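Below sits a lone chain in structure tokens, taken as the form predicted on its own.
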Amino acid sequence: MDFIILAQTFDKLEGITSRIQLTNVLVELFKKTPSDVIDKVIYLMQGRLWPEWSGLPELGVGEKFLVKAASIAVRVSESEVERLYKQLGDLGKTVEQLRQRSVAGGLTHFIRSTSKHDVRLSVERVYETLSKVASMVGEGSRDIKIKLIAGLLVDSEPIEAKYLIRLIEGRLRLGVGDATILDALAICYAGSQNYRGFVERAYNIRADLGSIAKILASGGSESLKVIKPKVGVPIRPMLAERLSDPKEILDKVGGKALVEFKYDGERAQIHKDNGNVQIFSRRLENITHQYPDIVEVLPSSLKCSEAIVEGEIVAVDPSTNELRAFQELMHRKRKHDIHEVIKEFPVRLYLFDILYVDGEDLTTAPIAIRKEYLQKVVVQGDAVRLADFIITNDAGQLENFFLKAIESGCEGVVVKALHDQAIYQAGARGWLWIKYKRDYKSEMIDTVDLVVVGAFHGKGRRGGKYGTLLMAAYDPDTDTFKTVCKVGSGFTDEDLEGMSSLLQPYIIQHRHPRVDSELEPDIWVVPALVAEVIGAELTLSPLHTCGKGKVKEGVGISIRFPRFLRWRGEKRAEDATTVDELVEMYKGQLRRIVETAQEPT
């Protein structure tokens, strides 16, 4: 297929604003496109050489490279190319004008006559040449890349040169999205836009538009109806709607639901092919290199040969085993020294869905069946676990589970319909899944002084020590200490080394009569030691007793992501922050949220 057909189509598309007209132009292009080239045409139209998730290298050719290649192709100095580029502000137009000059001056015939290249510039040759450019590394690769690009420009018509440059630059902004391409494919190869649903479902199941187009062009619409998930090709993720009232949420999903923790991590789609594992992000980026520890344990954690599962990768505190905030995962984006980062920022994978297993497509199965499959194939361990969930038809139980999720360091919960039509709607957002999250984001602006009433044994490098403390506020009305949070972060190595000696005089074999706690620590402590603590925010909690029933019936107040600051040896336990103070702090936090929401934008 001549590349000029594609270049002329790009030129038409640039001047169109109507989606209907864009679709019609694409239909005409696809009619001219051989079925064995359609995938390459679509990739080039999207400004790439292969799907984004492939993990294959991008072109990576800078502006200076292109200026050098253009100067070689049109036989002018680099300074002349740069001068015209500065004047036009568009390198594609710059090279187009220079090619027009060389064509008018007869230079093209001279260059082509001495070139070993076929003067006909085809889509296949452009694609293959650019693929070589993208894949080439090592000593001498720079000069070879420049020569390969210059070779394409030598054999190009002016309009082809313009779009070659823009394509390589990554500036091929045609205004054509996936939806428009899907419409055009349905019309061209299935005969009607009514077949768009079949084409879109196939694309959602296998997120490779070029590959789907090739299957459709070769086998017609019937070939798409039998498309199944394929290990190694990501499935476009199902998305959730959002509501903030538990009763309304249950009504929306049919009265009964599966409710899962919504972890504060990175959503991951994991593909297992025997011992080979690939991990894709919600945006279908290949993020396998960020999680070599997950890759290592996955083959033995899934009792099957092939599988596509979904989960949330969450940062975990190596000392306390508690969940960390999403921001901690940013350290995993480093491409170097990742094994050093693993030690400091370990992660855990919480699996919540299975979409494919050993040849069986589960995307059309209801979620109850998918859960059964998931529970059968997953071998749980410290690094891989099933997501926490309940099944309920009670709004109060849903609310308490939501509060438990917040208390555990999660964002909230996802409520999922359990009826027979609750399939996996790949690439779609709908009411089969509903997010129930806090409608605000606030910060705890003051530190508080809390009393140690218990402790938990440490893990990892804290093994043999106490790694987490159970903290409480003082309630002068009842002369008791009511739990607020568990603190496991903020301690120095020196703090941890001295923790056993510090606690030893206060350790008792039972809960102190002045301590009001529904949690059971590894050891109980006489309420005597006071520590200054800061946190991300105050939240409602079904687990802690501080302020229970004072803000909402049946729940207390807790601190999200608490951090130890220092010991307050000068304070008695009775001098600690009181329950009423924390209740007022929580109410003040809510008032600030309301005031912020009412401020004019």
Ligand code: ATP
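Sequential numbering from 1, following the sequence displayed. This structure is a prediction, so every number in the text was calculated from the model and none was measured. For clarity, a rigid core is taken as the largest C-alpha set superposing within 1.5 Å between two forms.
Here the subject shifts to the form predicted in complex with adenosine-5'-triphosphate, a form of this protein not shown in this document.
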Can you work out whether adenosine-5'-triphosphate is within 4.5 angstroms of a heavy atom in all three of L239, F261 and R267 in the predicted complex?
yes
In the predicted complex, which of the stretches 170-178, 211-219, 481-489, 413-421 has residues with heavy atoms within 4.5 Å of adenosine-5'-triphosphate?
413-421
Interface residue in the predicted complex among H331, K435, R142, R101, criterion: non-hydrogen atom within 4.5 angstroms of adenosine-5'-triphosphate:
K435
Quick check on this chain: which one of K32, R568, K552, R563 has a heavy atom within 4.5 Å of adenosine-5'-triphosphate in the predicted complex?
R568
Please tell me whether any heavy atom belonging to E312 falls inside 4.5 Å of a heavy atom of adenosine-5'-triphosphate, as the geometry stands in the predicted complex.
yes
So, in the predicted complex, is Y474 in contact with adenosine-5'-triphosphate at a 4.5 angstroms heavy atom limit?
no
Does R282 reach adenosine-5'-triphosphate in the predicted complex if we count a contact as any heavy atom within 4.5 Å?
yes
is_contact(R429, adenosine-5'-triphosphate) in the predicted complex, heavy atom dist at most 4.5 Å
yes
Threshold 2 Å Cα movement between this form and the one not shown for L13, core superposed
no
Is it true that V530 shifts between this form and the one not shown by 2 Å or more at the Cα, once the core is aligned?
yes
Relative to what we see here, could you say if A573 and K404 have their Cα atoms closer or farther apart in the predicted complex, with a change of 3 Å or more?
farther
